[in-house]
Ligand SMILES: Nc1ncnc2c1ncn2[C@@H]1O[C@H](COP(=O)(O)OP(=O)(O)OP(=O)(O)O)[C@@H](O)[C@H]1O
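The chain below stands alone, shown as C-alpha cells; this is the form predicted alone.
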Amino acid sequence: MELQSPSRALLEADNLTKRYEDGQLALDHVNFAVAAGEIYAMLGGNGAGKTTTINLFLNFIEPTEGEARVDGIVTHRDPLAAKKKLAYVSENVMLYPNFTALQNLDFFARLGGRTDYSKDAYRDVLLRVGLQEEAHGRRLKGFSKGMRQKCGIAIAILKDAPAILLDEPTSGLDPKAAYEFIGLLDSLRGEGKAILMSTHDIFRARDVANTIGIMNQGKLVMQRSKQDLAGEDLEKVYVEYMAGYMDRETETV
C-alpha cells in the first residue's frame, strides 16, 4: 500500500513574537502551520493578537523574534516574494468607491500583473462570491459593507495565490451571505488553498475549519483539530480555555 505524503505547510508561524516600543507584548512565541487544502481559524477577543499575526505574515510589521513563512519564504526577509504567494481580505475592504465592481476587479487584477482576464471571467467570479449580476456595473459607493466584502473576496480569488489571509471575513455579511461564504471557503480548500482566518465567529469557525486556535493576550492558549473537537461544544471550550488562562495569569501576579 503506497503511503501518501502529507501536504506541505504553506503558512508557518515559528516562535512568532511581537513586542512594541512601548513594551507591549502583542504576540508571544506563537507556533502553528497551515497546509495546502486546510483552513485554520484563529478565535479570540479584541487585542488577542489575531490581527497582529496576520500583519506579520503580510510584513506590515516586523517580528521581534521568530518568523512568519509563506511557502518557505520568510516574510520580513523577502516580503515581495512572500506577498506574491498571498491573497488578503481585510475586515474593512478598501476599494475605489467611484469604480464599478467590474472596474475594481480589472484594476486590481492588472495591478497584480494579470492582464489575461476577460469581462466574462470577472462576472463569473463575482457570481461565485454571491454578488448579483445587476450590481456588477454599479459604483461601489452605493454598496453595503457585505457587498464590498464580496468584491474583496473576488479580487483575492483572481490573484490565484496558494495562501489566503482573511481578517474577520464574515463581518458585515447577513446570515445567508455568511452561509454562502463558508461554502466558498470549502471550495477554495478543495482547490488546495491554505487559508488562515481570524474571526470572532465561533459557529462559522466550527463549521469550516480543519484546525481551531484560541488566542488571548498574544498567546496561543489552545490549538485543536476539528476531529479532536468532534462532539464538544466549541463555545463552552472557548470560555473554559479563556477562563483557565486568566486564572493562571492571576496566580502569577
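Residue numbers run from 1 along the displayed sequence. It should be emphasised that the depicted structure is a prediction, and the values quoted were computed from it without experimental measurement.
Beyond what is shown, the protein has a form predicted together with the named molecule; the following relates to that form.
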message: My question is simply whether Asp71 lines the interface with the named molecule in the predicted complex - judged by any non-hydrogen atom within 4.5 Å.
response: no
task: Find out whether any non-hydrogen atom of Gly49 is located within 4.5 angstroms of the named molecule in the predicted complex, and reply yes or no.
output: yes
query: Is the gap between Asp106 and the named molecule in the predicted complex 4.5 Å or less for some heavy atom pair?
result: no
message: So in the predicted complex, is the named molecule close enough to His200 to count as touching (4.5 Å, heavy atoms)?
response: yes
message: Please identify, from 187 to 195, 23 to 31, 62 to 70, 221 to 229, the stretch that has a heavy atom within 4.5 Å of the named molecule in the predicted complex.
response: 23 to 31
Residues in 211 to 243 close to the named molecule in the predicted complex, defined by a heavy atom within 4.5 Å, in order: none
